[in-house]
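Heads up, the chain below is alone and in the form predicted alone; it's given as structure tokens.
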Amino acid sequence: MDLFLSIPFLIFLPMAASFFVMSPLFTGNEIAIRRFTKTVCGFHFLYALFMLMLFDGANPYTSKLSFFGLDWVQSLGISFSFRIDGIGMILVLLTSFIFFMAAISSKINIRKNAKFYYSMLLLLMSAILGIFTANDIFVFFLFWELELIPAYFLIGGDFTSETVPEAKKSAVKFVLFTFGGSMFMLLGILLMYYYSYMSTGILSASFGDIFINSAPKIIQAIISALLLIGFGVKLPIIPLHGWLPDAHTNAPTPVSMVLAGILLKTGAYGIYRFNYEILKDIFLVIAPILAVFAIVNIIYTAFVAYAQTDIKRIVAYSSISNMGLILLGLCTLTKLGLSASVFHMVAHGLVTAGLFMICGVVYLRYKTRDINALGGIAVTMPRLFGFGTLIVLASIGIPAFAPFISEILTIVSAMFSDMGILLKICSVCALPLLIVSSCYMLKFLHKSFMGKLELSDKINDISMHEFVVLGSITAGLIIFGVFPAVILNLIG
């Protein structure tokens, strides 16, 4: 590819912009910083869209960075190599879009330390793009760890008009959970690298060169389990979910949009790239057990979400429940299940970004997230009520919205999977459990927007920036719900 139509440019453009914003060379005020970040994110989204238009599924984008003609660690076969296939292209575009929406919404949410905030937001964007495009297991791990730095500061930083006392604790909890999981993951990667060399005699860390099917099954099982712990923290899989509700609740609204819309998807993508593709033989054995964990995700967090009174915590727990559905699709080990899983990553990413945006708008106006203190918002903010209704209906799987397609595909793929009776039971259990999600989301809509007006009625409806964000997200949910082939053809 040409230099200006390349994966490195796609990944490192936000990073370069981050360093520029943070450097003394950038002397603009808060408005200039915000406009510059929105311009970079907007251009990046158009650039990713352009790459999608030129994308050929039979010839994925590939690239390799060398240093004076040498690979990163050439003697060990470790190189800065990148690859974007159909699934990677979908997730790259989703990442670019969500960060663009987060940059726009930051205008009304970020009131302090703008220089540091926007630089960390752009750096996080680069790290996540690196995860979705890495074609070397150690480069994948490098970006996986790099993402911790900006995420920590974004969750725990003081960027809003009101200081959140628990934000730093939430950030520390996020780092401890993720870093702890990463140690298990690194051990799994090292074992995978070693046994691949023992099997092939080739020192290479490229995804395409890793082969460990000749390793003892017990070793494959250990490696798979170690990787699942690392990815399970980020997904998250219960009981590794303890960091998520607090991080989502205490982070600024744009950061919550990124965490739920994109960051959780890196865990699912890691399971796909490592456990699903490289360790497929042993994944056939453990997939039914993992499907049970997926159902527990759906059941447990659905009931916990219903019991919450903080609207952000309702959305946070709903995210864990929906990630269980993504995991269930992967466990079917079918093309249909994989399609359903990736499709739900997109659908859920849009829904949660929209829901957290709504929570942020409500909090800015009413200074509370307690669902029992809200009510009657539909009267004072009819435009927000309109978008809120559409996004809530999308989240519970109403036809004509994207989540309906992914939920149906997941249930059907699990029902017709050849993975045994356990997966079929899971598919039967998942269908009625989706009704529970309808209960807590309709509770969210009814108690927040309907009923008696509890608070001041001197409230302005959504601004133009908020309208653009919510309108774009709603449009995406409808477009992919009516024309699902746009995504499904890329996956296929």
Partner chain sequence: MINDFFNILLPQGCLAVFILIQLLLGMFVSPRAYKYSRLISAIGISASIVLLSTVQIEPQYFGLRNAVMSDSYTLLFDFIILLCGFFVVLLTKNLITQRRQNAYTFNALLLTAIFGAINTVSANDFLTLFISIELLSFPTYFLIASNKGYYSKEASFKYLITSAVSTGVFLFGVSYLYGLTSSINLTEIYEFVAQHEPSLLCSFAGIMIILGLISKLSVFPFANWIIDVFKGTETSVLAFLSTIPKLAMFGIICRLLVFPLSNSFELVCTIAVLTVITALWANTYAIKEKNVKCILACSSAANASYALLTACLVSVYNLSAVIFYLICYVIMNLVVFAFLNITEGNGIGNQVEDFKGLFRKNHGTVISYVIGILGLAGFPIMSGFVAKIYLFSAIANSGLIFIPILLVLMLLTVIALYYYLKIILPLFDECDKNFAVKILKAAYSQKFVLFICTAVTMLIGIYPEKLIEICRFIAYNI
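Positions refer to the first chain, counted from 1. This is a predicted model, so every value here is computed, not measured.
There is another form of this protein, the form predicted together with its partner chain, and it is not shown here; the text below is about that form.
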Next on the checklist: Please determine whether Met415 contacts its partner chain in the model of the complex, using a 4.5 Å cut-off between heavy atoms.
Outcome noted: no
Checklist entry - Is there a non-hydrogen atom of Leu191 within 4.5 angstroms of a non-hydrogen atom of its partner chain in the model of the complex? => result yes
Next on the checklist: How about Ser161 - does it come within 4.5 Å of its partner chain in the model of the complex, if we only consider non-hydrogen atoms?
Outcome noted: no
Next on the checklist: When the contact criterion is heavy atoms within 4.5 Å, does Val292 count as touching its partner chain in the model of the complex?
Outcome noted: no
Checklist outcome for this item: Assert contact residue (its partner chain, in the model of the complex, non-hydrogen atom within 4.5 Å, options Ala400, Ala221, Ala373, Ile149) equals Ile149
Item to check | Of Lys168, Lys280, Arg111, Arg383, the one that lies within 4.5 Å of its partner chain in the model of the complex (heavy atoms) | outcome: Lys168
Item to check | Residue stretch of 404 to 412, 74 to 82, 259 to 267, 93 to 101 approaching its partner chain in the model of the complex, non-hydrogen atom distance within 4.5 Å | outcome: 74 to 82
Next on the checklist: Suppose contact means a heavy atom within 4.5 Å; in the model of the complex, does that hold for all of Leu228, Tyr272 and Leu431 with its partner chain?
Outcome noted: no
Checklist entry - Out of 177 to 211, which residues reach within 4.5 Å of its partner chain in the model of the complex, heavy atoms considered? => result Phe179, Gly180, Met183, Phe184, Leu186, Leu187, Leu190, Leu191, Tyr194, Tyr195
